[in-house]
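Have a look below at one chain only, the form predicted alone, in structure tokens format.
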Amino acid sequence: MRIGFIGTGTITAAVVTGMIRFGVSFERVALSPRNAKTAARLAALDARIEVCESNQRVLDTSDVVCLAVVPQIAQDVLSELTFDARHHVISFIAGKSLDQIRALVRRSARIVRAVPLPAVAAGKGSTAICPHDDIARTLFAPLGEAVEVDDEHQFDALSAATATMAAFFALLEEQASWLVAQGVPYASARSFLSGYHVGLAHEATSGTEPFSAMIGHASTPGGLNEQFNRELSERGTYAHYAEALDNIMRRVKGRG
């Protein structure tokens, strides 16, 4: 596989790092020159990684092309490039549908959307893919969990769910602040909560039962977990969470 990346930011860095770390098979990786420092750091990882002099050179020397530019500049960047029918395009561009990407790249034979996250660098990320695609699966399955859907609305919903990262860290900070108020040093609170949530994530990934069943397992009748979950439910906390996701979905769909 000769794979090129148009855009050399955080996600490209994570994907390329994961490819090297977890042995994804490739002949060559061609990188956009836009972020010279990041591109040079990635090129130092493997002799098969090359920083090209232009984005067009990335296309000319690649069969698989990952579009990793921010949506605000996608039109300007892609309109200057000449794609070929041989190109297998995987778009990371948020909020751009398959039809919109197809219009931008014009002659591409195959277009796929994917939403890799920074954790793919450590083989811990989940990557949504639409539609089902052998090449995208080959690229992302070794880097964590590859979740393929054919319905673009479902893909947009998975993309919207990634807007919860900051809220997750805000929840950790809220818990840490409460512990500090009880006299626990912040460093100790942070260390405890980090390990605690890693344990919860491990439980979630070690099986396939519904999360609702896991709530039940963790909620002894009359116990502390049962009380905490009930109090949040009665205050409408989870309903607010869903409403916020609805608002994100409207933006993902270009309606917000």
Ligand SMILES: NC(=O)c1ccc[n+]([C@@H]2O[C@H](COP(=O)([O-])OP(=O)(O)OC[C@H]3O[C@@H](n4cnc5c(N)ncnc54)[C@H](OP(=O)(O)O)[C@@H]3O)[C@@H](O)[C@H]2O)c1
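None of these values were measured; they are calculated from a predicted model. Throughout, we count residues from 1 along the sequence that is shown.
The following text describes the form predicted in complex with the ligand, which does not appear among the structures shown.
Stretch in contact in the model of the complex with the ligand, which is absent here, among 132-140, 93-101, 174-182, 146-154 (heavy atoms within 4.5 Å):
Of the options, only 93-101 has residues within 4.5 Å of the partner.
Does the ligand get within 4.5 angstroms of any non-hydrogen atom of residue 245 in the model of the complex?
Taking the distances in the model of the complex, the answer for residue 245 is no, it never comes within 4.5 Å of the ligand.
So, residue 34 and the ligand: in the model of the complex, are they within 4.5 Å at any heavy atom pair?
Residue 34 belongs to the contact set for the ligand.
Hey, in the model of the complex, does residue 123 get a heavy atom within 4.5 angstroms of the ligand?
Contact check for residue 123: no, nothing within 4.5 Å of the ligand in the model of the complex.
Residue 24 within 4.5 Å of the ligand in the model of the complex, heavy atoms:
No, residue 24 sits far enough from the ligand in the model of the complex that none of its heavy atoms falls within 4.5 Å.
Quick one: 11, 70 and 116 and the ligand in the model of the complex, is every residue within 4.5 Å by at least one heavy atom?
Yes, because 11, 70 and 116 each have a heavy atom that approaches the ligand to within 4.5 Å in the model of the complex.
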